[in-house]
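Next up is one chain by itself, shown in structure tokens, the form predicted on its own.
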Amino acid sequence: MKSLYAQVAVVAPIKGLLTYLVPQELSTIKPGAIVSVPLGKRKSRGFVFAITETPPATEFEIKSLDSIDAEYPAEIFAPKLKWIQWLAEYYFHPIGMVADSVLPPLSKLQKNTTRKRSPIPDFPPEAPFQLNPEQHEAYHAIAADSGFQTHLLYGVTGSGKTEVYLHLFDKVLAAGKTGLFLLPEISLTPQLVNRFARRFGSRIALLHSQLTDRERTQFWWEMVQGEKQILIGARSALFCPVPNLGLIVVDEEHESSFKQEEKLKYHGRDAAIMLAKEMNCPIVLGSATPSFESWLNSEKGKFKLHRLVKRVGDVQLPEMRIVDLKKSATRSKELGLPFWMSEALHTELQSNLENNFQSALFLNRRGMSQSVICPACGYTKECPNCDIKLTLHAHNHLVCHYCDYHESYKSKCSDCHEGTLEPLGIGTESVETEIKKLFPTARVLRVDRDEIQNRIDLENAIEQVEKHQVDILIGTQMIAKGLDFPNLKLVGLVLADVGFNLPDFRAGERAVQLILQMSGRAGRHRKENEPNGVVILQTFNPDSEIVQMASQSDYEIFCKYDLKNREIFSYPPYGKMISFRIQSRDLDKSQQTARMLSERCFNLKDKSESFDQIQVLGPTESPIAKIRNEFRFQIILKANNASVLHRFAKIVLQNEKWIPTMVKLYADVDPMNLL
């Protein structure tokens, strides 16, 4: 018999596949098998991508496979191999480490543990709601495609996108297929899980970071073995080898949290589209504020666009009122209110309390204050590990939100030893303190990363609001998206300017998305004789284009305006970008490596006319120049042609032996964060 050779992706920082000889006793091996292989002086797990009879052209001894992992049949992973290869190549990540992401965290044979609370609640079955004409039209247009097609479901907040999803999954399950529903983050999960549980009962499974390893393993196998039919999860749920996939839905597709910032820097939305293409099934991207990438793709005809322009039940969008904090400050002081509490917001809060309605105050900044400063010398407390000012929490400790450094808050200035450190700015914690003083009888709940530590905390918080055990909800962007509270009539954007002026070309897009998403929590349900929802948008820049466009609640107008600016400078989605981040604990090494990388880029440009279009920007210090004691520099590559840019970056990254020890080089394709 001829010898067989296996092309194996080993779980190690190796970019390509390695070749191993298949022993005679393992000759029935197939692509998709998980194997144990020798790697140097140790054993490694590997994933078989191909079997061939052709020996590699090498003078080195070809080592043999050790064994096959019988727990995972090859048929489970074989359909995902091409998708895994695409991820590894597109995002410049070792293929074996990408492949390893498809496995559950624990062995199937490990003993189960008792759950403190089931992640999926028991609900009596609920019949599908009748779709309104807009929903009906969108549903039928999407359901008409059984093969691969990307659909963009653009619907205003409260327009019933979720009900369209549920009808689509009904159709998929009736055809004997399975579905995958992706959410950007855990804060969106509880209410949607409840909604799916009421419709599909025990047929749903969950995968996200707030589950235990045992829960994730159990749900993984239930999907793989066909015991469940719909998988709901965060971006990592994409790696679960769901069989017979008939539909993928990516809800809130615009969310930047779909992009993983560490290790494999993939974008969940883009990876989901490629998975749908590989599995030949339709994919639906849903949002009230679509990403510019998806919007432009719909204009070009690559995505099919479906609009839901009205709220369900003809409920009106909330009334948006802009408050100029510069002008309102004097009146607030006269009324004994904090500077951030305008008379208009105070009046609406009081009215809501009197009428037994709920209110939500949004501020995308947690803690007591943004920083502390000495008025005598101007000194501010900074993190010793990061190029970041420390945030004051609970009036007694200073915290870095990047490395979690803590220190006690001492009012005496440690620099001049004369002045007193005073809080500067506000955070959700200080808003909560002031609200309790102003409205002592109100039931107040704060929802941010300090208060919500796990899934149980979040579920309890949402349950309190749903049962109307909360009058005023205060929170960060955790409360801004996807949540639906029937009694919530007022939304106050305490300081809408936060995030406007970040050194990022996406700052305006994100600011408008956040404003409209948060505004969309107000007045989603309205009984007869009840008032419409109200949004108080407080800002120091009422005439800014961002505020004016957001106040019109017309996202399309803003898209068209900002896309023109993007096109002028060839920023995404018109141009493509790849960023290189160089970091090290040694400042000189980090800086020198950045310069060497820049030289490699410019030398490559000079050698080939095909790379003339490539723009090399940098090297420069990253906007946040140090995190966790590592100094950070960056180089950005830009080009209009994605394939040319990718080929250029691949050549630059070849032969990384020139990189000094103790220096890390990260490539980020389609970066979402340039800070």
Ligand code: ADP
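Start at 1 with the first residue shown and count on from there. Note that the structure is predicted; figures quoted are calculated from it, not measured.
What comes next is about the form predicted together with the ligand, which does not appear here.
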property	result
Partner-facing stretch of 316-324, 388-396, 296-304, 522-530, counted where any non-hydrogen atom is within 4.5 angstroms of the ligand in the predicted complex	522-530
4.5 Å heavy atom contact with the ligand in the predicted complex for all of 132, 312 and 484	yes
Contact label in the predicted complex: residue 286 to the ligand, heavy atom within 4.5 Å	no
Partner proximity in the predicted complex: residue 195 to the ligand, non-hydrogen atom cutoff 4.5 Å	yes
Residue 161, heavy atom within 4.5 angstroms of the ligand in the predicted complex	yes
Distance check, residue 490 to the ligand in the predicted complex, heavy atom within 4.5 Å	no
One residue of 539, 157, 210, 178 in contact with the ligand, assessed in the predicted complex (non-hydrogen atom, 4.5 angstroms)	157
